[in-house]
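Before any questions on binding or motion, here is one chain by itself as C-alpha cells, the form predicted on its own.
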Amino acid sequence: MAFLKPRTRHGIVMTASTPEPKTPKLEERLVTQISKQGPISFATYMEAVADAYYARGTVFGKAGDFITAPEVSQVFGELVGLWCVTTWQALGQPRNFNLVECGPGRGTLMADALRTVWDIAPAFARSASLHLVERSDALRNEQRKTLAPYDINWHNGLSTLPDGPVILIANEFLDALPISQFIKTPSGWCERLVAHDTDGFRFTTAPLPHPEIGNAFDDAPTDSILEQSNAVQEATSRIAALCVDNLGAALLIDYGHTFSDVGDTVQAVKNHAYHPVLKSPGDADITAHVDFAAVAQSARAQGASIHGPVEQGPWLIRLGAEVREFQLSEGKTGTEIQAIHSSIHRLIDPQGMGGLFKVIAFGPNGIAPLSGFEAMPSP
C-alpha cells in the first residue's frame, strides 16, 4: 500500500480517461446547442467551459491565469500535510488508507504535504495509497512530473475511489463546480439562462419561476441573484459519505461565505485579471463563491461530524504558520526573510486570502476536534 516507491515505466496506475474537449471548438458547440434547444442553464455553460479550460493544463502560477495558495508558499502544503498526520492519528492510525486529493492542480500542494509527512511521520506514508481526482489529461501530465517519486492512482470522479479508510483534501475544488443562478422577478425566482445572438453570448431569464426554489429568500429585492449548485451538493454529500462509511476525514478549503445569502459571485479570471464571464468561453477560469452553510448541511445529512467552517488565516496560525515562518527564516538574508514573510502573510491576512478563504472538515461522529478547529466555534 505504500505510495513512495522508485518510479518505473509502469509505476503509474491510471483509470480510463474520456477525451478532453478542445477549446477552439467549444464556442461552436455551445452555439449549436443553443440554436437547437434554446437558452441553456448557466450550470451547463459553466461545466462545458471548465472542461475545455482545464484541458489546457497551463492555467496555474505566474505564467497562467491565477495563483492558488500552494503556489504562494510551501508552508500551505506543509501545514496541510501536518493536518493529515494529526487526523490520521485521531482516526486510530489505520494501517492501510487512501490519501485523496480532489482538483490537485499541478500537484504542488501534495508534493509539499508528502515531503512534510515523510519528515514527521514515515509510518503515515508507508500506510497510504495516493489517489488524485483529476479529469484533465494535461493536468495529469503536470502532476506526474511534480509527484514523480510516487505511485499515483488517477480518477475521473469520486465514484471510483476505493473503499477503505480515507483522508481527503480539496483545495479550491468546489468553487470550479458548476452553479445555477436565479433572478428575483415580480413573479418569483426565475432561472438565469445563457442565450446567443449576433452580439455573442448573453444572459436571459426563463419566463416562469423555477419550481424548486419556492419561497427561499422571499424578502430579497427584485433583480437579486440567488446561486445554487447541485454539483457542489453532490460532491460534498459523496465526500461526507466516504468519511462516514469508511472511517475517514475530509478537509475542504475554498473562498466563499459562511452563511447562505443572495448575491452574484460568479467571476472569470484571465492573465490574473477579471474577464467578462460570457466572453471567449474556454479562455478564462470561471468560479463562484462556495456557500459553506449549504456544504455543511449536505455533509451533516450523511451523518458526518462538521468541523468549522473557519477562516483560513486563524486555521493556518493554529497549525503553526508563524512558527514555520521563523524556522524558514533562520540563516536567510534580509531580502529572503521579507519574501518568506510576505508569502505567509498573504495566506493569513484577514483582509485577503486569510479572511476570504474558509476551511471546513468532515469526520465520523465522536471524533475529537480536528487540528486547527479546536476552540473555534462553528456558526
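Here the structure is a predicted model, which means the values were calculated and not measured. All residue numbers are counted from 1 along the displayed sequence.
Same protein, other form: the form predicted in complex with a small molecule, not shown, and the subject of what follows.
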query	finding
Interface membership of E134, the small molecule in the predicted bound form, 4.5 Å heavy atom rule	yes
4.5 angstroms heavy atom contact with the small molecule in the predicted bound form for N171	yes
Partner contact for Y45 in the predicted bound form: the small molecule, 4.5 angstroms, heavy atom	no
In the predicted bound form, N156 touching the small molecule (heavy atom, 4.5 Å)	yes
Stretch in contact in the predicted bound form with the small molecule, which is absent here, among 207-215, 68-76, 242-250, 297-305 (heavy atoms within 4.5 Å)	68-76
Contacting member of L91, C190, A176, V277, with respect to the small molecule in the predicted bound form [4.5 Å, heavy atom]	A176
Option touching the small molecule, based on a heavy atom within 4.5 Å in the predicted bound form, out of L139, C84, L226, L130	L139
Candidate spot F292, E311 and G313, all three touching the small molecule in the predicted bound form (heavy atom, 4.5 Å)	no
